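First comes one chain, alone, set out as structure tokens in the form predicted alone.
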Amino acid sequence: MNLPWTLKYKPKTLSEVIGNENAKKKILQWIKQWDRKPPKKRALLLYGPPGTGKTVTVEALANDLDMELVQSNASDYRTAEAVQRFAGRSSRYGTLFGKKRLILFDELDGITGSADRGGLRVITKIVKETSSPIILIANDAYNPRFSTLRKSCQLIEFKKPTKTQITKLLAKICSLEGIQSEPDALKLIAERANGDVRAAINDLQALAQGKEILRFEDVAWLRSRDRKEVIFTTLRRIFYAGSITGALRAAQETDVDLDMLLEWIYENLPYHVKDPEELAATMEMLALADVYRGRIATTQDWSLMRYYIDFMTAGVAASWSRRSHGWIPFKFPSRIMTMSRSKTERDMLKAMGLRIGRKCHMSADRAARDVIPFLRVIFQNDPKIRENLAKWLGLDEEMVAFLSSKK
């Protein structure tokens, strides 16, 4: 059975978790205080970018100290009743066999704090009264929704491991897999991961599994991959999510601008959702998301943001069968391309208007409106005059090419 290497080589003890030595030391100090009496702040809030080892650190800690780990993804417990059912009793009563208990709320970013559902409010209450240590995990501890909760927690930041630390881990995995690896190949994988250990291990497995030797040329093509790869991965995770939670998590774990993400989803849905009724259902979800985005812009009520995210991710994923015919590439949003080209042209006209205006003693707007149309005709029909005029006006090669083009 081929396991994902992120699971196969998941740290089992704190010593195996790479990086964040200071954070691990603070967690240990805090947990040991419970041997004497509960500390003033009965919960930790670990925060930092995805893939930096927050969750595996807690799991390894529980394993090292032989504690019973009661673990949940907080985005699955969004109501007050569900949170109370999961953590309320666990925080007050001992374990069956006398082990110490550690309660973990993972992915806190996914929980709502609305008054009608109250999940975040109940977590805050439990944190203040708990008889067992509680650890909360979020990407952004300073989200305004966590302002009350933060006061009852000790905050510990997790930072991205260094490229050197990730490279050493990749080398260790290669050794255990019986793969000879060129150092430069592993350095490139580590560099591209940008501190995300999970991403680095996933890339390594994709590139090295089944090989006896991993050479630099096997990974050199990674250099050409840009931010499009990030959005493509996010779209796949939303469109073909195995669960509603998975679709939500895709949006929570990406750093793609949410408004840009909506444009990408809108552009690509018709190519992937072939059934007309399903396509209509997914488009209705996007329409609802857009309604909430408009309300946010009008009222500045950012608590509505969760509905915006829910409809365009979980709503879309749940509205179709998530089956497509063959491989379908994702397309760049045409509306964004048009806006981008339009902005580029406006910026070019403004820059040329400033240069022409200085020479002709007129405003940049007037130069762009009255002079540039005539320059276009001249530049497209008389190369000799074009060269002299460009030199006199101080136009660069890009400006000359813009005026000379007949498109």
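Heads up: residue numbers just count along the shown sequence, starting at 1. Everything numeric in this text was worked out from a predicted model, so none of it was measured.
Keep in mind the form predicted in complex with a small molecule is missing from the figure; the text below concerns it.
- Contact check for Thr6: a heavy atom falls within 4.5 Å of the small molecule in the predicted bound form.
- In the predicted bound form, at least one heavy atom of Ile201 sits within 4.5 Å of the small molecule.
- In the predicted bound form, at least one heavy atom of Pro50 sits within 4.5 Å of the small molecule.
- When the small molecule is considered in the predicted bound form, Ala190 lies well away from it, no heavy atom lying within 4.5 Å.
- Of the residues Ile135, Met312, Val197, Leu170, just one reaches the small molecule in the predicted bound form with a heavy atom at 4.5 Å or closer; this is Val197.
- Within 4.5 Å of the small molecule in the predicted bound form, a heavy atom is found for all three of Lys10, Glu16 and Pro161.
- Across the options 54 to 62, 377 to 385, 353 to 361, 26 to 34, residues that bring heavy atoms within 4.5 Å of the small molecule in the predicted bound form belong to 54 to 62.
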